[in-house]
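Encoded as structure tokens, the following chain is the form predicted alone, with no partner shown.
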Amino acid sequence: MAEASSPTHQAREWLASILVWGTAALVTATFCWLLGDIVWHGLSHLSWTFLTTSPESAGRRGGIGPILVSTLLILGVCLTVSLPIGVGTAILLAEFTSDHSLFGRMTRRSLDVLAGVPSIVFGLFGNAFFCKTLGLGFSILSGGLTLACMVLPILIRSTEEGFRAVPANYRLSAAALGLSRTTTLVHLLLPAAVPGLLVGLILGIGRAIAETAALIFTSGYVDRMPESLLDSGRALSIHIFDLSMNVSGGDANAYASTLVLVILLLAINGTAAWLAERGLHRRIVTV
């Protein structure tokens, strides 16, 4: 019977392989097509002048200098706030909270719900709380704090799963050696949980840097060079949306701005991966 079913089994494996490789090829081809279209239309308009000068004529001419600065500041505020809170909360849920406790179950369920909330809802919340209640107005700070609220659910859940993936032998061995809980967390568990943290960080950065709806209601449209975090600032995603939808003759600069956004995202993700790998390697060597 095993020999009779062998051809059928092989056919199923062959079909499954075709589906897997076909899906991978389709996704890769779609990505390459989109990236190729962006590079084809945007590369000719990309220059140092474009990156450093201010936009003119509603963005039809000029560059994206102030917009690029505003984008980096918004992202900096987002990561500065979300990283310590996200990692701390993940440690609390993974290491100090029981899986069956009411607090743990309610917190995880709340994070899962928040991760699926539309960005426009976060934008309205940020406008009501940060802009109006706290009196920050349309500012880079309001935009960054709103993005931090969006990123936190993804970052916390990914980092928590990273801690849970660490074998229990690590904790038992540290306890047998008499290491404190803090030493175990910092020098043993946290480096081992870096892959989960990195996944959450990359997903969070990808969502934050490409966000439009939430920033329209918080950071604003102003395209001048910001002088402080309390100034309004236009993010790259909003600038691309505005050029594509509201400004006639702005397609060329929209493509160039999109190319800059893609390059910026790849650079940030690559830097985060490199720093995480380097830090993990140093800790392993030290140990």
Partner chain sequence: MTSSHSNILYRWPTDDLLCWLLRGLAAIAGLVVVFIVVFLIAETLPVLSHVGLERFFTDPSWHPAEGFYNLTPMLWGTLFTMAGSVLIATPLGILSAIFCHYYAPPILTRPYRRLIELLAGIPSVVYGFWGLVVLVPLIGEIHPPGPSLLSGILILTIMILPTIALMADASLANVPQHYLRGAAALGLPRWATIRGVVFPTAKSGLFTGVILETGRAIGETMAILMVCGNVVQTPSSFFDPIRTLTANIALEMSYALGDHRAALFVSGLVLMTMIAALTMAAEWISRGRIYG
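Rigid core here is just the name for the largest C-alpha set that superposes within 1.5 Å across the two forms. Numbering follows the first chain given and starts at 1. This one's a predicted model, so the numbers in the text were calculated from it and none came from an experiment.
Unshown form predicted in complex with the partner chain; subsequent notes refer to it.
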| query | finding |
| --- | --- |
| Close approach of residue 51 to the partner chain in the predicted complex, 4.5 Å, heavy atom | no |
| In the predicted complex, residue 251 touching the partner chain (heavy atom, 4.5 Å) | yes |
| Residue 121: touches the partner chain in the predicted complex, heavy atom cutoff 4.5 angstroms | yes |
| Non-hydrogen atom contact residue 261 with the partner chain in the predicted complex at 4.5 angstroms | yes |
| Single option in 136, 199, 189, 149 placed near the partner chain in the predicted complex, where near means a heavy atom within 4.5 Å | 149 |
| Site test, 40, 73 and 169 vs the partner chain in the predicted complex, non-hydrogen atom cutoff 4.5 Å | no |
| Any residue of 127-160 that, in the predicted complex, places a heavy atom within 4.5 Å of the partner chain | 127, 128, 129, 132, 133, 149, 152, 156 |
| After fitting the core, residue 31 CA displacement of 2 Å or more between the shown form and the other one | yes |
| Residue 262 C-alpha relocation of at least 2 Å between the shown form and the other one, rigid core basis | yes |
